[in-house]
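First comes one chain, alone, set out as structure tokens in the form predicted alone.
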């Protein structure tokens, strides 16, 4: 019994460390993508200082919220405001890229 519990604990620990590593990779990829996709043009470095006061600060936002908003702009569900400019910027983003950028922004303080 004790060996079985130890094996289960080891598997859970490895799984959790893999999740943490994946998050770090996603964040690094997201940082690179944020730059490559020119997000800073409107939202500023690290999403901290948008060029217009009507544009949102993105740093520290909830990751799932960011993913949802980007996807809604991309598919046309969300309209109005500055979404017309964002529609063009999000058109080529893959779901993985959206996840990576959102992870990165959610971790920037």
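Positions refer to the first chain, counted from 1. This is a predicted model, so every value here is computed, not measured.
There is another form of the same protein, the form predicted in complex with a small molecule; it is not shown, and what comes next is about it.
> Please tell me whether any heavy atom belonging to residue 82 falls inside 4.5 Å of a heavy atom of the small molecule, as the geometry stands in the model of the complex.
The answer is yes: residue 82 has a heavy atom within 4.5 Å of the small molecule.
> So in the model of the complex, is the small molecule close enough to residue 41 to count as touching (4.5 Å, heavy atoms)?
Within the cut-off, so yes.
> Do residue 31 and the small molecule come within 4.5 Å of each other in the model of the complex, heavy atoms counted?
It does not: once the small molecule is placed as it appears in the model of the complex, residue 31 has no heavy atom within 4.5 Å of it.
> Is residue 48 one of the residues lying within 4.5 Å of the small molecule in the model of the complex, judged by heavy atom distances?
Looking in the model of the complex, residue contacts with the small molecule do not include residue 48, since no heavy atom lies within 4.5 Å.
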